[in-house]
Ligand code: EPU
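Below you will find one chain, with nothing else, as structure tokens; this is the form predicted on its own, and questions on how it binds or moves follow later.
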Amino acid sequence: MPDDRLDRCNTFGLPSRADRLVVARTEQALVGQLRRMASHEPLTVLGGGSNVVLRARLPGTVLLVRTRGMRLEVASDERVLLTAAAGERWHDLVRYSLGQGLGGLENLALIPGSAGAAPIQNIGAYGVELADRLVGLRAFDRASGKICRFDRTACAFGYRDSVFKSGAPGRYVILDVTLGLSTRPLLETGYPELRAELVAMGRVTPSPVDVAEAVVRVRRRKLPDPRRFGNAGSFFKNPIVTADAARRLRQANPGLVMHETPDGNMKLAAAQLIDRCGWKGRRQGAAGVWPRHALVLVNFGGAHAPDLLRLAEEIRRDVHARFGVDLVFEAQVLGQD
């Protein structure tokens, strides 16, 4: 693979090239590269490439973060802080924490991507978000050229959002994350799929390892392996509407799944909206919707970014026409065609 090709640097497996490709394997190399660049220079930072749609060309510099390292710090009798370099694979981090007898990340098992990318979109699954576990992080500020620290509040977390994604996109490059974990299990098993899997496993009083195993089993059943079928997991966010709008939707569409949010709004299941529009399992050439999960768009082999984006826009159009709801991409679209 030529040095500037990014086909293997994104889980969709989309053909793409970088004007300039740099790999940083240590924090010193990462910070050094950032300091040599002007703050206005085009820069794309990629970790696992698991939440992006790459167009044919990425202008400027593409920086692959491959830093490694994890360390533990005892904060109290039951609380331990785990700090991980940005380039650590997220699932490896979850497995390491479980191997140390620590709970807190089990619901986030098997989420693709890197530790440094996790805060950007505030990853979450089965009732737990990164914001629930993050204590703080360090990041390089391209505007000032300095390393700064963020606590949980400063990260301005929202649903699949943070200051790094929408507040000041491109300004900060995350160097490491610190998570607060527990030696005493505080399990979140409220999701029906997760409860059912634990019952099937015969775990009446599950451990964090049991919950992680149940999550892995459910995810593997529902989601395609990106090594076989290129994908970025959930392509759309679950839309949030007002309580009044939800009431009208439910009256017109009996059985529509929705959950109340802390602020009194209602979160809809985007997968169900897409499924009811008949898109689940449909293909358009090399791009399509995964037959087992309507939120997952797939590169069945040979697709380019325009193929996926055309498919995504048609899905958005149909969902809006039927339900009056606007779907928003969870995956980020980067580069030019």
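Computed from a predicted model, the values in this text were never measured in an experiment. Counting begins at 1, following the sequence as shown.
A second form of this protein, the form predicted together with the ligand, is not displayed here; the remarks below concern that form.
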| property | result |
| --- | --- |
| Interface membership of Ala271, the ligand in the predicted complex, 4.5 Å heavy atom rule | yes |
| Distance check, Asp92 to the ligand in the predicted complex, heavy atom within 4.5 Å | no |
| Residue contact check: Gly167 to the ligand in the predicted complex, 4.5 Å heavy atom | no |
| Contact test in the predicted complex: Val52 vs the ligand, heavy atoms, 4.5 Å | no |
| Interface stretch in the predicted complex with the ligand - options 307 to 315, 294 to 302, 62 to 70, 30 to 38, non-hydrogen atom within 4.5 Å | 294 to 302 |
| All of Tyr159, Lys222 and Asp275 within 4.5 Å of the ligand in the predicted complex, heavy atom check | yes |
| Residue (of Gly230, Gly233, Gly87, Pro208) lying close to the ligand in the predicted complex, criterion heavy atoms within 4.5 Å | Gly233 |
| Residue among Gly180, Pro185, Gly124, Gly101 with a heavy atom within 4.5 Å of the ligand in the predicted complex | Gly124 |
| Residues of 164 to 194 having any heavy atom within 4.5 Å of the ligand in the predicted complex, listed in sequence order | Tyr191, Glu193 |
